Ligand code: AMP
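Single chain ahead, written as structure tokens, the form predicted alone.
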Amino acid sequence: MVERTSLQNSPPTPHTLPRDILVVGSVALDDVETPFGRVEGALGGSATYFATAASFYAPVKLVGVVGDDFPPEHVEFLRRRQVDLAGLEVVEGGRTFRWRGRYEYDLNTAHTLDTQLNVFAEFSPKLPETYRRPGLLFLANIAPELQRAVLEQIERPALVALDTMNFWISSRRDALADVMRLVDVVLINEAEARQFADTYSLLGAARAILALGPKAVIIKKGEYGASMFTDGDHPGETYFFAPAYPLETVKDPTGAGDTFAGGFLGALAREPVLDANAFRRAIVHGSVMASFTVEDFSINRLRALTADEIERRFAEFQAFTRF
């Protein structure tokens, strides 16, 4: 593992921009119902949302598993987004991971109605040789033992980010803490952060995670934006808060956190130096991408998204957060 440096003093590293990004996570088919509509068999999964968002910024390589029931049009969509699918395993005779959920008017809370892991239950990430030297790595929401197994298959990239969920905190907390010690950035929502640290204080939770070794903790707060905590001697160095983009149309929050991560790492892939300012800009890009995702079901809003729309919304973020 590379020697850690603070975000305030990160040295420039020679490389060709943008860096490529490797994501390891789930590829799924979702049935989702909200007060504003429903979809069945929609393209979902943490790796899917991440890869779609990150592909607007940098080359993406995806590792996941699906059954032979996975619709070819979904594969074709990811290929059109220039996502490298050499690491997507197709299990003959297997069924793809399915999730069914419902949201009430409080769109921050998903009610899981059914989970069928199917081929994902036996998922064991196997990285092609061409994937073993990534520029950046995102360990999406999978078992911490699998996240560690991925780290053991690669040469250390410029940055490793990890996401997790309440299930792993409840059932694999020690294994999760061990893998947190090996990464640079932990992305986690506010309820999960409090659960992990056994505290109501988000600041206390962030400090508990930072004490394990990551250089940054990003706490996702849904419609209230995101907060970043880092080590430092001054509040201007240690805290950064970004709002969510104000929207009139919100249909489906599924995948917003993974899309946020995709925008975040995608923006970092274009940064020559991974310092505090780069992280702050990247968090706003994450918020931008998440804001597009929730405007429609599945990745439908991202299908027709353009680079001009992304840059325009980023500029609007700059305008309404400056004082």
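Quick note: we count residues from 1 along the sequence shown, nothing fancier. What you see is a predicted model, and the numbers here were worked out from it, not measured in a lab.
The discussion below concerns the form predicted in complex with the named molecule, not included here.
S.K.: The named molecule isn't shown here, but in the model of the complex which of 157, 94, 225, 253 has a heavy atom within 4.5 Å of it?
M.R.: Exactly one residue meets the criterion: 253.
S.K.: Though the named molecule is not shown, can you say which of 137, 142, 187, 183 has a heavy atom within 4.5 Å of it in the model of the complex?
M.R.: In short, 142.
S.K.: For the interface check, one of 204-212, 71-79, 165-173, 148-156 should have non-hydrogen atoms within 4.5 Å of the named molecule in the model of the complex; which one?
M.R.: Answer to the contact question: 165-173.
S.K.: Flag residue 28 as yes or no: does it have a non-hydrogen atom within 4.5 angstroms of any non-hydrogen atom of the named molecule in the model of the complex?
M.R.: Residue-level check for residue 28: yes, a contact with the named molecule.
S.K.: Is residue 44 part of the interface with the named molecule in the model of the complex - any heavy atom within 4.5 Å?
M.R.: Close contact exists here: in the model of the complex, residue 44 approaches the named molecule to within 4.5 Å, heavy atoms only.
S.K.: Could you tell me if residue 108 has a non-hydrogen atom within 4.5 Å of the named molecule in the model of the complex?
M.R.: It does not: once the named molecule is placed as it appears in the model of the complex, residue 108 has no heavy atom within 4.5 Å of it.
S.K.: Applying a 4.5 Å heavy atom distance criterion, does residue 130 contact the named molecule in the model of the complex?
M.R.: Residue 130: no contact with the named molecule in the model of the complex.
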